[in-house]
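In structure tokens, one chain follows: the form predicted on its own.
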Amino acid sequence: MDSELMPIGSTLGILGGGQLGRMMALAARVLGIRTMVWDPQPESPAFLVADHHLSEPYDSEAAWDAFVSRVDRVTYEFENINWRLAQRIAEEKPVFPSFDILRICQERLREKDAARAFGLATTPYRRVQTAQDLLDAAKDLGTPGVLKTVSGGYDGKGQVVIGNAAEAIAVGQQLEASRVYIYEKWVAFTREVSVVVARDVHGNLVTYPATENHHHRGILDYSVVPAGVSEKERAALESAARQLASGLELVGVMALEFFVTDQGEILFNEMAPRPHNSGHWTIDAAWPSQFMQHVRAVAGWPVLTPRWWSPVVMVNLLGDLFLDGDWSRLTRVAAMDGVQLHWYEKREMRPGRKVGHVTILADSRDRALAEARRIKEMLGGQWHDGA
């Protein structure tokens, strides 16, 4: 069934029930494909829109039997799903993207090695396990640099900046002996850009316009399309995304994050083999959306050349804005022309938690950014230029 088209009425299994799983399920419903979401968390946002769901641990044998017996194909909404679970499921039902891609992206050293193997440039990096490894890496590659855990960590967690040799010595003394780390040389860059690429089972490849991303405290704050890059840089970004997607034999959607230096270098940073936060703008400002494209690809349907409608800004809404339980300000946003609110229906508001996003379409990049700033401040947040 790997290369067959899933017929309307088939069931797509989704591992993970967060907002990405929710948006996958909504896209699948438009196509007439049913969904079954498996997530241990009992109040997962995707449960509210899926046809069926399982709220059981991923190591539950009963849940595994129930899931595999009721789905025709399987995908996942985030890359921290145990790749061995995906491998086991693949013995019974097709899993896209493959469990091997999942395995690669779950370990930063494997991820960087794979990118280089397929011809992409990266920041200089080194494997670190001991205090001496860290000191040697800081001396050989230079400082400043960033020390990251090779696995785990998300939205800025699991990493620390090393400013000099003294800091390398101090941090080295705190390393966990059983853990492996990666040290990456800090690279001065002018833009952080992502490219969403899609590939189907027949090898057809398409890319979405490059997206310029701005982070604050390690979390994506807002994304802008078009990105502020040259035509040459844009072509290089898309080419790199196609190279990696083709080399990994991707089936589905994948987002690749890059640094663009002031010399025009394109340096691969990391990848996510599923729809990505920085591609949320495609729901309202492109056709098909990244979620529709992902469902099509994993269902064996051909990918479609994206059509981009207008300049757009996507702003993440974090729980910080709603700790008082007051959501009334959102009604003002919902009433604005050219603005679309997406609310994830998460019950718990907490700092740093993504609880929704707003998409702003305009006739120019500058106007979209100005409107985005106004909305963020209207909701009680602070705008961070270039953060």
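As the structure is a prediction and not an experimental result, all values here were calculated from the model. Don't overthink the numbering: it's just position in the shown sequence, from 1.
If you look for the form predicted together with a small molecule, you will not find it shown, but the lines that follow are about it.
> Which single stretch, out of 183 to 191, 91 to 99, 197 to 205, 128 to 136, brings residue heavy atoms within 4.5 Å of the small molecule in the predicted complex?
That would be 183 to 191.
> Just give me the single entry in F259, F78, F118, W287 that has a non-hydrogen atom within 4.5 angstroms of the small molecule in the predicted complex.
Spelling it out, the residue with a heavy atom inside the cut-off is F259.
> Just one of S310, N269, Q87, T143 has a heavy atom within 4.5 Å of the small molecule in the predicted complex. Which one?
Exactly one residue meets the criterion: N269.
> Using 4.5 Å between non-hydrogen atoms, is R73 touching the small molecule in the predicted complex?
No - in the predicted complex, heavy atoms of R73 and the small molecule never come within 4.5 Å of each other.
> Closest heavy atom of R234 to the small molecule in the predicted complex, within 4.5 Å or not?
R234: no contact with the small molecule in the predicted complex.
> Taking 4.5 angstroms as the cut-off for heavy atoms, does R108 touch the small molecule in the predicted complex?
Judged by the heavy-atom cut-off of 4.5 Å, R108 is in contact with the small molecule in the predicted complex.
> Counting only non-hydrogen atoms and a 4.5 angstroms cut-off, does S151 reach the small molecule in the predicted complex?
No - in the predicted complex, heavy atoms of S151 and the small molecule never come within 4.5 Å of each other.
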